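Single chain ahead, written as structure tokens, the form predicted on its own.
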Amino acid sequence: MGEEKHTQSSRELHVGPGAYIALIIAILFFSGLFMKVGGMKWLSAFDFTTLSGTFGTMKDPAKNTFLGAGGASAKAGFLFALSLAPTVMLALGVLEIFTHYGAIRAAHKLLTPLLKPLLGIPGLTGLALITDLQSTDAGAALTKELYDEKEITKKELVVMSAWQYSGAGMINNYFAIGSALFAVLTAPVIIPLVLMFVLKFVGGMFVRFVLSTVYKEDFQDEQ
């Protein structure tokens, strides 16, 4: 039984060239880098947000989507939740494909040396964090799956959530909404984006510190 466990562990830790290729493709797919590439619009066909698509509009495009206008309470909430389903389902389905080809193992091996010292979380969370840069819903779904499968602890879940919540959907929102201010920026467009990315780590590290000090007793059973 001991030999069987050792063999299984070795198989799980083994990362071949195919796993690294799968990880690179996964990062490019979820990161949003292919969303808008000047002169090469065809690359958006390999982008998560592009493939997720959008719903069409109704009579008054300025006010209405398929959700309609003026909705309230449980019915409006249900329709909003329904609108998230295609994005989440696509993210989980694609993740299963990348997992099959070893992307998660490669992420764990490559990103653990970076994420463990800074945030105290394993490298296998890397794809969920990268996905959050483009889609908050898909990032949250991948994070929930990691927790449900007991790949991460409750403390790691809280730290991940703090990282994701700060500047959620950063790339997508920055270029979709923040582009209106690009004309008046006095600094290169990339500077605010890099600053937000760095501050996500600052926020995650602060939450990790608080959980390890003020709320240390709440996570004693996970030590």
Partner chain sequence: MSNNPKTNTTSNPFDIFVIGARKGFNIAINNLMPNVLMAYVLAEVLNILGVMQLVGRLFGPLMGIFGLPGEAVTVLLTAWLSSSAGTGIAVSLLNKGVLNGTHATILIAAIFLMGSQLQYMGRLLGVADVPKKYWPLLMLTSILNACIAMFVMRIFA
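Positions refer to the first chain, counted from 1. Remember, predicted model here, so these are calculated numbers, not experimental data. Take the two forms, superpose them, and find the largest set of C-alpha atoms that agree within 1.5 Å; that set is the rigid core.
As for the form predicted in complex with the partner chain, it is not shown, yet the points below apply to it.
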Practice item. With heavy atoms only and a cut-off of 4.5 Å, decide whether Leu118 touches the partner chain in the model of the complex. Key: no
Check your understanding: Looking at the partner-bound form in the model of the complex, is Ile27 within 4.5 Å of the partner chain by any heavy atom?
Key -> no
Check your understanding: Is there a non-hydrogen atom of Ile21 within 4.5 angstroms of a non-hydrogen atom of the partner chain in the model of the complex?
Key -> no
Check your understanding: Taking 4.5 angstroms as the cut-off for heavy atoms, does Ala141 touch the partner chain in the model of the complex?
Key -> yes
Exercise for review: Could you run down 178-192 and flag each residue that has a heavy atom within 4.5 Å of the partner chain in the model of the complex?
Suggested key: Gly178, Ala180, Leu181, Phe182, Val184, Leu185, Thr186, Ala187, Ile191, Pro192
Review point. Under a superposition restricted to the rigid core, does Tyr174 display a Cα displacement of 2 angstroms or more between this form and the one not shown?
Key: no
Point to revise | Rigid core superposed: Thr49 CA moves 2 Å or more between this form and the one not shown | key: yes
Review point. Val37: with the rigid core matched between this form and the one not shown, does its Cα shift 2 Å or more?
Key: yes
Check your understanding: So the Cα-Cα distance between Ala107 and Met170 shifts by 3 Å or more in the model of the complex; is it shorter or longer than what we see here?
Key -> closer
Exercise for review: Kindly indicate if, in the model of the complex, the C-alpha atoms of Ala91 and Ile171 are closer or farther apart than in the structure shown, bearing in mind the change is 3 Å or more.
Suggested key: closer
